[in-house]
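Form predicted on its own, single chain, as structure tokens, below.
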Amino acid sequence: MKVISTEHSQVLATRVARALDVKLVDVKYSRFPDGEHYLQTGELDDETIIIGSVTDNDALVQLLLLIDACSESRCHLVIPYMAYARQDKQFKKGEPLSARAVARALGSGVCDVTTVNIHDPTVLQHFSVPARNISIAKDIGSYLQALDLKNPLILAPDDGALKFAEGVASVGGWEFDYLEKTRISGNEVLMAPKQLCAASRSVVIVDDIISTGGTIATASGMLYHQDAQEVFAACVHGVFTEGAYGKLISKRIRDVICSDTIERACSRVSAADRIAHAMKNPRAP
């Protein structure tokens, strides 16, 4: 068995290869004069783990080409972050179900698929091969456990992310809750933990994805107004569009933490061990 990756998951793939004690396949990447992608792999094995986050359209094309280049090997596909996964519903006639389209394309030519904290696990049903989702919520919890947090409160930005917050909180036996929005007027909304008090506590707002960071930035100000001692933000996938990272820091977020499913400067948690465990245990959820 060997590990191979697209340019977008080089660090994570290297960590997975080390965790599995297998070789990493070298890949040469370039473009034709018209901008089309080209790649050439090194020597493959009979069984290959392909690791590639789909962070944008170029990453999607590169991953499709890599899957095809590995077609003579038995391939296990790992998609640490899957763009278009949030486009999982059709609201108007004539709209594509984009998550389904991408899943169908990526499922061709591999024997199984593993995702990491995919936004909606129902997307997995669109793959033409067995697909499973793994969570690194506890890995984020382990990172937080090493910090000097005072009476931590783990907060989900809404009730939909409460299960993820519970997974993070389970590591330290911490309390967890979700932010409840209360409309005060036509243009004023209050955000606060639904049941628990944030005063004099280290509060960590956690979610699977931080995209624009708008909700977390707003919540941070309100939590400080409610006398939180400090506020952190942690996620699996640091998308950080529209200057989200800077926006969060400017709102007194003490630190922003993400994983290496999308490789960022603030990727302080790795999905590698969890992925390696999944590769060793094909039937594990």
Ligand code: R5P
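All figures in this text were calculated on a predicted structure; none of them were measured in a lab. So that there is no doubt, residue numbering starts at 1 and follows the sequence shown.
The form predicted together with ribose-5-phosphate (R5P) exists for this protein as well; it is not shown, and the discussion that follows is about that form.
**Item:** Contact residue in the model of the complex, from 119, 132, 100, 76 (heavy atom within 4.5 Å of ribose-5-phosphate (R5P))
**Value:** It is 119.
**Message:** Within 4.5 Å, heavy atoms only, which of 113, 153, 123, 210 is in contact with ribose-5-phosphate (R5P) in the model of the complex?
**Reply:** Result of the distance check: 210.
**Item:** Interface membership of residue 172, ribose-5-phosphate (R5P) in the model of the complex, 4.5 Å heavy atom rule
**Value:** Looking in the model of the complex, residue contacts with ribose-5-phosphate (R5P) do not include residue 172, since no heavy atom lies within 4.5 Å.
**Prompt:** Quick one: is residue 202 in contact with ribose-5-phosphate (R5P) in the model of the complex, heavy atoms, 4.5 Å cut-off?
**Reply:** Output for residue 202 is no: heavy atoms all beyond 4.5 Å of ribose-5-phosphate (R5P).
**Message:** Although the partner isn't part of this model, could you tell me whether residue 214 comes within 4.5 Å of ribose-5-phosphate (R5P) in the model of the complex, counting any heavy atom of the residue?
**Reply:** Taking the distances in the model of the complex, the answer for residue 214 is yes, it comes within 4.5 Å of ribose-5-phosphate (R5P).
**Request:** Tell me, yes or no, whether residue 89 is in contact with ribose-5-phosphate (R5P) in the model of the complex, where a contact means a heavy atom of each within 4.5 Å.
**Result:** Flag for residue 89 set to no.
**Message:** Given a 4.5 Å cut-off on heavy atoms, tell me which of 101-109, 67-75, 134-142, 202-210 is the interface stretch with ribose-5-phosphate (R5P) in the model of the complex.
**Reply:** It is 202-210 that comes within 4.5 Å of the partner.
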